[in-house]
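The same protein chain appears twice below, in two forms, each given on its own as structure tokens and labelled structure 1 and structure 2.
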Structure 1
Amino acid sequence: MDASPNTPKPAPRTAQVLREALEYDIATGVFAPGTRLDEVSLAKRFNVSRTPIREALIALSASGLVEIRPRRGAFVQEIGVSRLIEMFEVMAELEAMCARLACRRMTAADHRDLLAAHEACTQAADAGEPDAYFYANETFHDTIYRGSGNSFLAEQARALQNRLKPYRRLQLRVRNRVGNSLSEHQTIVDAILAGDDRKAESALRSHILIQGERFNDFVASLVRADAAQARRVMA
């Protein structure tokens, strides 16, 4: 439908562009959790008036990335440890559901995509590039989301993945996480190709939940990140 060759010009809406820019800056940690997002500063920074800034902040607030405290301003949502666990618990379930459905609904072409994504992960891991692995990993999971044949589910999974992005990134710093992640991927791929939905479901669930089990490592990296952030604020 809207895959027409020449889109007539999407008409750039400043507010939407700003929303994506802010989203990106939050996901990549430019704006750390708890940071206050001053409207006038942002307006100056982007060379626009406060109106589109406000609209972007409201949209971000609705999707949970920022919190708007009435008459106090917008703050990057701080996610406490317990809430983070809750979110990972839900993420695990969504991904498990995707895997289960993917077993039944993936086409041959989907299988090829899955293998390609897995191969890309392997290469990034072999090259020892954590950032490359991070993105390859995202693509791998997204392939499964799409393979579920449920576009709404895929959107939900993507949205939550996005919210957890800053924290998942920290995860990969944990010793040997990349290697383990990769072998878990292998198990998942095998299960999906074999059409074993029970196995795929549980493999993906533990792949996500493993972060909960390795909780000590996880908290440790969080604490270190907080300390680094604190130092940055001090400077």
Structure 2
Amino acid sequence: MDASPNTPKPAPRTAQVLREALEYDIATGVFAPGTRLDEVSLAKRFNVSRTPIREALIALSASGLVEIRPRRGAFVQEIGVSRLIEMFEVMAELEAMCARLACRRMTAADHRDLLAAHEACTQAADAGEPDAYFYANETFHDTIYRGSGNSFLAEQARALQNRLKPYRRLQLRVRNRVGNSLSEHQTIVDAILAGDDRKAESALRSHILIQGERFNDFVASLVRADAAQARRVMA
């Protein structure tokens, strides 16, 4: 028997599409660190069976964004402050290496891509859209990863960047951070275009590291995020 024309049909979803949707929700704070990701609720939300949801959660677990706990389910990965700072330190060194190599290996076409990515960041910042800036910023950094000419290094940088997505997004919500980030991008771009590998390496390292007042602001943003999550749980 044919389904009624008025019967809603399930939207064609794949585990990859679901993974990207959940990754976006984690990165944007819809699901804060520590949140339990209920398969039944997610299956209902996306109008799919639990199988592709489970596959998406397993993929997110492999990338480090989700922790699957036996007999308890899947949770958005929580990272302690000290561990988080360590991860940012490693991220800073990976990106600094990418910048140093990019200075020597980027082609004219790569330079055009870098300038285009920087312009997209500028437009997002001028429009006052932190979410748009977040994604433009991601493209900016990925352009430098690719420009390093070292695919293994680029893979490692992307993997760690992916794990830090929710926290890097929080950084951009600190007051004046987007404007400061854009200014730092300009220094990085100028150094790469000039082929000054030492300056590019140092500028990108400083861009990523959380220290001084930036550290205090970042910790404060984590506290606010935890408080907001607690209010959602109690509501």
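Throughout, rigid core stands for the largest set of C-alpha atoms superposing within 1.5 Å between the two forms. Reference numbering: structure 1, starting with residue 1. As the structure is a prediction and not an experimental result, all values here were calculated from the model.
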If only one of the two is the form predicted alone, which is it? 2
Return yes or no for G149: a CA shift of at least 2 Å between structure 1 and structure 2, with the rigid core superposed? no
Superpose the two forms on their rigid core, then report whether the C-alpha of L42 is displaced by 2 angstroms or more between structure 1 and structure 2. yes
When the larger rigid part is superposed on C-alpha atoms, the smaller part turns between structure 1 and structure 2 by a whole-degree angle of 14
Students should find the CA displacement of R69 between structure 1 and structure 2, rigid core aligned, in Å, to be 5.5
